[in-house]
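Below sits a lone chain in structure tokens, taken as the form predicted on its own.
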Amino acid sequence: MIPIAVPYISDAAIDEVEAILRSGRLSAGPRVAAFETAWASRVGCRWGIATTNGTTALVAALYSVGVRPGDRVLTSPFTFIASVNSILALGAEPVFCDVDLDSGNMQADLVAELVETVNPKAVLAVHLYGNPMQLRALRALCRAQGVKLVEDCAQAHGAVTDAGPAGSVGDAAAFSFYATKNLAVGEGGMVTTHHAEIAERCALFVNHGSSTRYHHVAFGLNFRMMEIQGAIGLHALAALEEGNRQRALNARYLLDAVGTRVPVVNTPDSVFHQFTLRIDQREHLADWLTRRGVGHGIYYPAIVPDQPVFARRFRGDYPHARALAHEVLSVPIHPRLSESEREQVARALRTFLG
């Protein structure tokens, strides 16, 4: 079975991890600090603050821009639940904006309308499937309205918006380095920001509010990254550009195979975290792919407000988001696909679509 994702861990990274294990220095150290600096530079920000995973990066980013209990945060209903759980973890209230069918990202006109009508403390802008949400106009609106803009870049490593690299446009941004991401560490996250006060607040928050050992000047939790994660991240960063280039080549190959027979949730400047089709025969296609040895995934089979844990909590009609949840199916796009595997995926799609 061709897997939907394969993380890239180089031999050099494996050797360095072994050296770290033998050294006994496992908690955050020089490699984490180097990864913070390198990733912030790659994104185009002044500061990077490493965390344990993408969810804690979201919580830290939102807290650091000032989100507190009772605040409203505007975000997408069509995303991984971590986007919404991070808002709820701070006692804030998510407000949802329907999405665009072509990109899967929030509709720009609806976001603008909601920013002006619901008075959110922040907008959490999700870049879905590696498709960068266009942020120039939204950033200007948020600044004019006194609303903080936070980017959810969990799927957008290396993507570029109309206002700059994803992760550099908002007041803060959160990245995930989960095993399936374009830059994979296994677990791990990062907050990026241009603002010194946000960076300082975030660094305190992820380290129990400690400015020096056993001296706690603010509220915080333990969201610290391990030294092993920092080392793997540095090696993975060196391979990101080539990996994204290969994803784009694989995507063009699959786009040719699909043609105009089914739409693809895509933007011209995507970094293709996922290659996602919209198809009303999803279950039939999933079975077809399985029988032909092609892995696949559904991201996501339900919108967040419809999850059982939120039964009767959220009300709203999000027709585009619900349509995508019933239609989307992703096939392998990762850079470690061999030519024969890529053709196997393309052939399976071509024959199914006839």
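Sequential numbering from 1, following the sequence displayed. This structure is a prediction, so every number in the text was calculated from the model and none was measured.
What comes next is about the form predicted together with a small molecule, which is not displayed.
Student: In the model of the complex, is there a heavy atom of the small molecule that lies within 4.5 Å of any heavy atom of Lys181, even though the partner is absent here?
Tutor: Yes, Lys181 is a contact residue.
Student: According to a 4.5 angstroms non-hydrogen atom cut-off, is Ala122 in contact with the small molecule in the model of the complex?
Tutor: Contact with the small molecule, no.
Student: Can Ser76 be called a contact residue for the small molecule in the model of the complex at 4.5 Å between heavy atoms?
Tutor: Outside the cut-off, so no.
Student: Is Thr276 close enough to touch the small molecule in the model of the complex, meaning at least one heavy atom pair within 4.5 Å?
Tutor: Judged by the heavy-atom cut-off of 4.5 Å, Thr276 is well away from the small molecule in the model of the complex.
Student: Just one of Ala92, Ala82, Leu138, Ile198 has a heavy atom within 4.5 angstroms of the small molecule in the model of the complex, so which one?
Tutor: Spelling it out, the residue with a heavy atom inside the cut-off is Ala82.
Student: Consider the chain as shown here, without its partner, and state which of Leu234, Leu254, Leu240, Val126 has a heavy atom within 4.5 Å of the small molecule in the model of the complex.
Tutor: So the residue touching the small molecule in the model of the complex, by this definition, is Val126.
Student: Any chance Leu58, Asp152 and Tyr300 all have a heavy atom within 4.5 Å of the small molecule in the model of the complex?
Tutor: Yes.
Student: Based on heavy atom distances of 4.5 Å or less, which listed stretch (212 to 220, 100 to 108, 279 to 287, 181 to 189) is in contact with the small molecule in the model of the complex?
Tutor: In the other structure, the partner sits against 181 to 189.
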